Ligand code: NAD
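Take a look at this one chain, the form predicted alone, written out in structure tokens.
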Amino acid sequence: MSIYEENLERAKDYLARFKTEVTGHYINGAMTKSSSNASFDNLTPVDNTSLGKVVEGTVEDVDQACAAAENAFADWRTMPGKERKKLLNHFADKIVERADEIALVESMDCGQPLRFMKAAAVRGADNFRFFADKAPEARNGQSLHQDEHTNFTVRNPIGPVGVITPWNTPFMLATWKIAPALAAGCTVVHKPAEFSPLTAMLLAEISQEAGIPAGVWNTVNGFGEVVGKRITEHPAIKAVAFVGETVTGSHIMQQGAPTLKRVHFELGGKNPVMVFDDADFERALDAVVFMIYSLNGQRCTSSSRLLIQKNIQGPFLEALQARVKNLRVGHPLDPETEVGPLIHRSHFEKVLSFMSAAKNEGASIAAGGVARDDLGAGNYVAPTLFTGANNQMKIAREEIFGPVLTAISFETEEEAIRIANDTPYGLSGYIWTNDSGRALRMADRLDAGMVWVNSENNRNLPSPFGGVKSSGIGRDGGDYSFEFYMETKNICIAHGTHKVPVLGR
């Protein structure tokens, strides 16, 4: 039996239970069904068959979860940080124990190649360990001395929070949002994406196994129009962390406004990678290919616009075209697969619509541009490279969120930065040059929350992660996460030496 066949058999075993029983919610420490009998089919992008039924959550279900989170908050917030540290590190151990299951289920649920999902499970455990170790210091503040007063600050958890996560790398992103919330002392109501809900339920199970108290972690399945909307409106929820589309982010902001909710958004991107003529050719080529075609191009930080300096445009695009055509598209559980199927038929059709747009606007399709119908009934798209484009074309302005790269040429630094910044988005940017002065100039002028120089998306957990403009509000990572999930309180203590103003004596 090949490794691919072994993967298929193990995945079948792990997924069997989702087919035999409707997947419900996790509320107040117990797996529950919905207050309604409604459910929906959870389709695998591999062949669009059902992995099983998932309950369609209701307002009543969300209200129960929010009440559970509110009731559990008092005890969870007062638990010593060292105790939360112990629990969350135990949680990470449990993730590692089930990493094989998590990776296989996630690959089948969202279509990401197993080679990436194996790493995603481990990264999820790393997220919990990192924030677990910071839990004892979460409340730390500053000491501010004056001549006659001493001010000091402390931080307190904000309260129950809503976490709404996307379908592209659902397990890792859920841990990235929930781990710091729990470490800070907040309780959580989590809504996973309806396109990929299964590993969220594995996370809920792990929280139970790890001893997270009832009500601290709650998961409600369903659709954004009902479940997501109610979470963002519920008065018990004090803050909402959301990863997803920019339009949805604006809706959440509106829905949370009457209750003055704090919001944290990681939204869309049309991220540029700028390759100058003095860049390390092969390293830049490797990074350009990896940062758009890994994870099926369904990555918020994908470098989906290649800005290439004109005097190396010919050889670079020729080498790039060969690499794109050589990418291995296939079943996500095949260890040889580099690009798997897109998450859902509707998204598959959206990505394919950009092929017609490219032709209509006069760009060339140097590679791909078609569905891979030869691979069966799944949502497979050939990795695509558009050339001869300009920054006013639809393919350069709209987030495609698939294995599609648009190449645009430039001559000077000024032109490169003008093109790079000419977008409503500002999540990330990448610069390839061996001129350190140029690197610093371009990084300073690039409108983006994150910039990588001579590197792909390198992960550093203490560093701030987030975007500007229509790409988001706020930052994740390290202490930046605690700033979102906690309120800062200033305490002023007099030394007993200052003159107190007198009235009416």
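Given the structure is predicted, the values throughout are model-derived calculations rather than measurements. The numbering used is simple: start at 1 and walk along the sequence shown.
The next section is about a form of this same protein that is not shown, the form predicted in complex with the named molecule.
A.B. asks: Based on heavy atom distances of 4.5 Å or less, which listed stretch (374 to 382, 132 to 140, 117 to 125, 163 to 171) is in contact with the named molecule in the model of the complex?
C.D. replies: Heavy-atom contact with the partner occurs in 163 to 171.
A.B. asks: Hey, in the model of the complex, is T248 touching the named molecule, heavy atoms inside 4.5 Å?
C.D. replies: Heavy-atom contact with the named molecule at 4.5 Å: present for T248.
A.B. asks: Can T387 be called a contact residue for the named molecule in the model of the complex at 4.5 Å between heavy atoms?
C.D. replies: The answer is no: T387 has no heavy atom within 4.5 Å of the named molecule.
A.B. asks: Applying a 4.5 Å heavy atom distance criterion, does V243 contact the named molecule in the model of the complex?
C.D. replies: Although the named molecule is absent here, V243 would touch it in the model of the complex, with heavy atoms inside 4.5 Å.
A.B. asks: Although the named molecule is absent from this view, report whether G429 comes within 4.5 Å of it in the model of the complex, heavy atoms only.
C.D. replies: Judged by the heavy-atom cut-off of 4.5 Å, G429 is well away from the named molecule in the model of the complex.
A.B. asks: Of these, A236, A200, A284, I252, which has a heavy atom no more than 4.5 Å from the named molecule in the model of the complex?
C.D. replies: Contact with the named molecule in the model of the complex is made by I252 alone.
A.B. asks: Within 4.5 Å of the named molecule in the model of the complex, heavy atoms considered, which of K394, K86, R77, K229?
C.D. replies: Partner contact (heavy atom, 4.5 Å) among the options: K229.
A.B. asks: Would you mind checking 115 to 141 for residues with a heavy atom within 4.5 Å of the named molecule in the model of the complex?
C.D. replies: Not one residue comes within 4.5 Å of the partner.
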